[in-house]
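Next comes just one chain, in structure tokens: the form predicted on its own.
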């Protein structure tokens, strides 16, 4: 085998290392704001990703270096002949135990992160007590149901609930939880900037929590091929201050319950209810 093959196999690890190093500078890395996640949980997920990337890069570069060395040595020494051997228990143990140890380490290392993200008893208590909205995925849009101002989200829709489509507002700097469901087929709730992703399954209501660490407008997309209009399921999550969030809910209430006579029907109903209770 000629030296050309040596250069060919040498090229790929060098190209991989160079492209990884340049990725953040040319926008090939994670999206948004210098590739930093817009949630604290996302920053921890990125850390896990970079650890796995480092491990795989070391293995890839190492195996390529050994391959190039063997090819180079063979191309410079025509007299040395390769020998065929079958079975080597020592080598088999080595290349079985080392990957096993690495995988075990990664499995243990990510347990806390996985538990904080997926297991409800580890969710922030404030978020669990007051889910901010119910998110319903359907072909082909996202529907959001908020509780009325001052009330808690109920499992079933209430008369004074607030609704919006393809635009979810959440307050900045506090953990929030949504109840995710699907109305038809399987979808996937994906916030790339926050590194939040959860499948929405018909017949299930799945709690998902996150805490945005910076204000902004972020993409919400469906990461599951859910039908011909899958590409239409692009919405936005607006992260804003608590005051702006409350103003949004007030405006939504006025838009939804304005009766055309200068009265807000929901507020009127509340007033009547309060008067009846008194």
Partner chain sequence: MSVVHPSPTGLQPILKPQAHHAPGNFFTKYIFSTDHKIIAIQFLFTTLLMLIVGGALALAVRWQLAFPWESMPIVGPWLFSAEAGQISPEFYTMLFTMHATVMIFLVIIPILAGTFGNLLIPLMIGADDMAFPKLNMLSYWFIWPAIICFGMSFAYAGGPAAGWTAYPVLADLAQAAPGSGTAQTLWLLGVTFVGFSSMMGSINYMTTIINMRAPGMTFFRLPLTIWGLFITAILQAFALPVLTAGGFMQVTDRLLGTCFFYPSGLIINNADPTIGGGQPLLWQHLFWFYSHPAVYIMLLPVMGMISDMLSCMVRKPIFGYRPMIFSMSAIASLGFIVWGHHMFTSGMNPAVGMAFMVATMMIALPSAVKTFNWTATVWGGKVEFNTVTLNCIGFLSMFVVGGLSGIFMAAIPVDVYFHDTYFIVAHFHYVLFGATLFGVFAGIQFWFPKMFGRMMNEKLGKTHFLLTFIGANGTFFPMHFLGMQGMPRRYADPYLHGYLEHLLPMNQFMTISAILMGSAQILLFINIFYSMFFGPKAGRNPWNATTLEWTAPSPPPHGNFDEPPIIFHGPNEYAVHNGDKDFLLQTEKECEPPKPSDSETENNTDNDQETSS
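Everything quoted here is computed from the prediction, not taken from an experiment. Numbering follows the first chain given and starts at 1. Between two forms, the rigid core is defined as the largest C-alpha subset superposing within 1.5 Å.
Below: the form predicted together with the partner chain, not depicted.
Asks: Only one of 171-179, 150-158, 124-132, 95-103 has heavy atoms within 4.5 Å of the partner chain in the model of the complex; I'd like to know which.
Replies: Comparing against the partner chain in the model of the complex, the contact stretch is 95-103.
Asks: So in the model of the complex, does any heavy atom of residue 117 sit within 4.5 Å of the partner chain?
Replies: Judged by the heavy-atom cut-off of 4.5 Å, residue 117 is in contact with the partner chain in the model of the complex.
Asks: Is residue 165 close to the partner chain in the model of the complex, meaning a heavy atom pair under 4.5 Å apart or at it?
Replies: The answer is no: residue 165 has no heavy atom within 4.5 Å of the partner chain.
Asks: Do residue 244 and the partner chain come within 4.5 Å of each other in the model of the complex, heavy atoms counted?
Replies: Result no; residue 244 lies far from the partner chain in the model of the complex.
Asks: Would residue 251 count as a contact of the partner chain in the model of the complex, using a 4.5 angstroms cut-off between non-hydrogen atoms?
Replies: Flag for residue 251 set to no.
Asks: Which residues in 44-59 have a heavy atom within 4.5 Å of the partner chain in the model of the complex?
Replies: If the 4.5 Å heavy-atom criterion is applied to the partner chain in the model of the complex, 44-59 yields 45, 48, 49, 52, 53, 56, 59.
Asks: Would the C-alpha of residue 152 be classed as shifted by 2 Å or more between this form and the one not shown after rigid-core alignment?
Replies: The answer is no; the displacement is under 2 Å.
Asks: Would residue 82 count as moving between this form and the one not shown, using a Cα shift of 2 angstroms or more after superposing the core as the test?
Replies: Shift at residue 82: 2 Å or more after core fit.
Asks: Have a look at residue 87 and residue 69: in the model of the complex, are their Cα atoms closer together or farther apart than in this form, given the change is 3 Å or more?
Replies: Nearer in the model of the complex, by 3 Å or more.
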